[in-house]
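In structure tokens, one chain follows: the form predicted alone.
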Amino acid sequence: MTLLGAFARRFAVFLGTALVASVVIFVIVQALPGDVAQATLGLGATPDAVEALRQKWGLDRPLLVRYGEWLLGMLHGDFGASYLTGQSVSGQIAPRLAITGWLVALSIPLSTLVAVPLGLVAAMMRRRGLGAIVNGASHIGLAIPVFFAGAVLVIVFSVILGWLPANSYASLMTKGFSDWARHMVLPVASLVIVQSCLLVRYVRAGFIDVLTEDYYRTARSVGWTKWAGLVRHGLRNMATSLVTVLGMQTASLLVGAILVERVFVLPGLGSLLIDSVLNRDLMTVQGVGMLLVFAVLAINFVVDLLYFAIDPRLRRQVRA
């Protein structure tokens, strides 16, 4: 099988998984108890009014027909119209997507930059005080929920010190980089603290495994120092497992972003999703839920492609 064939097979799996996910999301949302038309009009609405609203929204049509229309609409970038406001779901998602996107896009590389050197220190100095401190701190960080980390940061840096804003959002395009950065520091830091503590555990374990490998002992025997040998020969060999963990943690990072948006009152996808659930705006719930699932699947697809770039053994196996 060629590399192109391997990529095509993974892309087919990606599309198939996305299709199954769309079915699951649609069925779950439609199976929620209660009548969205009745809930929108209130308990005092007449049956005729409820039925008229159901017909207006197409809720009286067969489930399969509604799913097909929703799926075809998504292929053209149309997630339908909100039951609550009548506005396009895509139009509501677009301005909020950038906020959640920035949270995730900044948190992943920053968490990696924090976790790799700390994991290296925890592995190399695991029998010393500094290694024990890093290891213990990562254990504590794993036990801290992201919303609690955000609340603590607000108390320290907003309430006590007054250095950073506690909530709200400043647009990068309208307010400028300085105001945007000041409003993003605490939300991103909340995600980085929790995410990096988890990654430190994996990085530490990966480097400890490298210390027992023959290629590391060979590097030491030809004159490499402990630190240089581990960085030069160990980092790339554990990169595959690190990329795997980052891909797996994408879903939890998105969930964390939703919680962080509520803590810092950021108008992102998480806030839109929660508000839509509370208001029974099912079409918006479907659209946001599908977009989040698609993002997770897309990142996992990219991780699969990165395996080929990182590990030459996979490329040789495919060409064989």
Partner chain sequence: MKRFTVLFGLVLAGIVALSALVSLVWTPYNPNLVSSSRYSPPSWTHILGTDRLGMDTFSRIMTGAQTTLVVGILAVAIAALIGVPLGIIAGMGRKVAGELIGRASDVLFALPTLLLAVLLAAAKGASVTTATVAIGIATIPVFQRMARAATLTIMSQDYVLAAEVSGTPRSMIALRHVLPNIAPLLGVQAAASFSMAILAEAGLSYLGLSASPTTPTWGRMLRDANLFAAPLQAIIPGAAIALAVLGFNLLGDGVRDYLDPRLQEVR
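Note that the coordinates shown come from a computational prediction; the quantities given were computed from them, not determined experimentally. Positions refer to the first chain, counted from 1.
One more form of this protein exists, namely the form predicted together with its partner chain; it is left out here, but the text below deals with it.
- Query: Would R61, C197 and I299 all count as contacting its partner chain in the predicted bound form, using a 4.5 Å heavy atom cut-off?
  - Reply: Answer is no for this spot.
- Contact test in the predicted bound form: A21 vs its partner chain, heavy atoms, 4.5 Å: Residue-level check for A21: yes, a contact with its partner chain.
- Task: Although its partner chain is absent from this view, report whether L306 comes within 4.5 Å of it in the predicted bound form, heavy atoms only.
- Result: L306 lies outside the contact set for its partner chain.
- Though only this chain appears here, would P145 touch its partner chain in the predicted bound form if you measure heavy atom gaps against 4.5 Å? Taking the distances in the predicted bound form, the answer for P145 is yes, it comes within 4.5 Å of its partner chain.
- Item | 4.5 Å heavy atom contact, L15 and its partner chain in the predicted bound form | Although its partner chain is absent here, L15 would stay clear of it in the predicted bound form, with no heavy atoms inside 4.5 Å.
- Can you name the residues of 92-112 that have a heavy atom within 4.5 Å of its partner chain in the predicted bound form? Residues within 4.5 Å: none.
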